[in-house]
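Just the one chain here, the form predicted on its own, laid out as structure tokens.
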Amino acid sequence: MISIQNASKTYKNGTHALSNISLEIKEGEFVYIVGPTGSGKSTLIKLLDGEEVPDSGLVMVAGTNVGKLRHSKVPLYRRNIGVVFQNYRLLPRKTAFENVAYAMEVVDTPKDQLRKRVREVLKLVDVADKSNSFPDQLSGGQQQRVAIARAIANKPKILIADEPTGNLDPKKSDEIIRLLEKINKEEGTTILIVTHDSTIVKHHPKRMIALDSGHIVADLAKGGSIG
């Protein structure tokens, strides 16, 4: 599903964000990406979603050479990838239903198919009863669930969750990881979680890839630990 071979990225200010990294992630895997601030986690995400291209090396995602994508093809490519952010990024003047529906409207999904899928994903993330609520009427955990529903509405092959529990208390964090596990199992979606939260990594062990100063310093199977 994801194949990165000897990829490097240096920004114009001289920052060596990634240095000659290689990794393989199979379809249906659930993987944590961990590391301190400045380790290269954000750049890795940008390479995967087509926001950045590597200076050298190969980045293949779902059969697409991301580094060779023409700018006009990036939106179509991104239909393969759902992204969930720490701060939810819901549209404040749209209900939960409308927020999820919007992700499908922009790719011209037929109305009947759209309504069915929105109801389906809101039920999957356990906020079906909040479909008519606006973001400011929802708790942080509920907003994150709606954001996840929106990210998987178009059935992406890969879901990238960037610090999805960063604004949540431990109980809600645990619920969100369990939800992502459910999506991984029921939808078959490949899940990548970028996180600083060592507690969820410990309580929900999965494969863990650790970055530091632009290098992969560990790639551990489920339950492995660094140091």
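Numbers follow the displayed sequence, beginning with 1. So that the term is clear: the rigid core is the largest set of C-alpha atoms that superpose within 1.5 Å between two forms. Just so it is clear, the structure is predicted and the values come from calculations on it, not from any experiment.
Beyond what is shown, the protein has a form predicted in complex with a small molecule; the following relates to that form.
Peer 1: Look up in the model of the complex whether Gly57 has a non-hydrogen atom within 4.5 angstroms of the small molecule, and give yes or no.
Peer 2: No, Gly57 stays farther than 4.5 Å from the small molecule in the model of the complex.
Peer 1: Could you confirm whether Asn20 comes within 4.5 Å of the small molecule in the model of the complex, counting heavy atoms only?
Peer 2: Contact with the small molecule, no.
Peer 1: Indicate whether the small molecule has at least one heavy atom within 4.5 Å of a heavy atom of Lys172 in the model of the complex.
Peer 2: No - in the model of the complex, heavy atoms of Lys172 and the small molecule never come within 4.5 Å of each other.
Peer 1: Given that the partner is absent here, does Thr95 sit within 4.5 Å of the small molecule in the model of the complex, heavy atoms only?
Peer 2: Looking in the model of the complex, residue contacts with the small molecule do not include Thr95, since no heavy atom lies within 4.5 Å.
Peer 1: Under a 4.5 angstroms heavy atom criterion, identify the one residue in Gly166, Gly67, Gly38, Gly28 near the small molecule in the model of the complex.
Peer 2: Checked against the cut-off, the match is Gly38.
Peer 1: If the criterion is a non-hydrogen atom within 4.5 angstroms, does every one of Tyr11, Thr43 and Gln86 touch the small molecule in the model of the complex?
Peer 2: Checked in the model of the complex: all three residues contact the small molecule.
Peer 1: Counting only heavy atoms and a 4.5 Å cutoff, which of 58 to 66, 29 to 37, 197 to 205, 184 to 192 contacts the small molecule in the model of the complex?
Peer 2: Within 4.5 Å of the partner lies stretch 29 to 37.
Peer 1: For Tyr77, does the CA position differ by 2 Å or more between this form and the one not shown when the superposition is done on the rigid core?
Peer 2: Not so; Tyr77 is displaced by less than 2 Å.
Peer 1: Flagged pair Phe85/Thr43: C-alpha distance shifts by 3 angstroms or more in the model of the complex. Which direction, closer or farther?
Peer 2: Compared with this form, Phe85 and Thr43 lie closer in the model of the complex.
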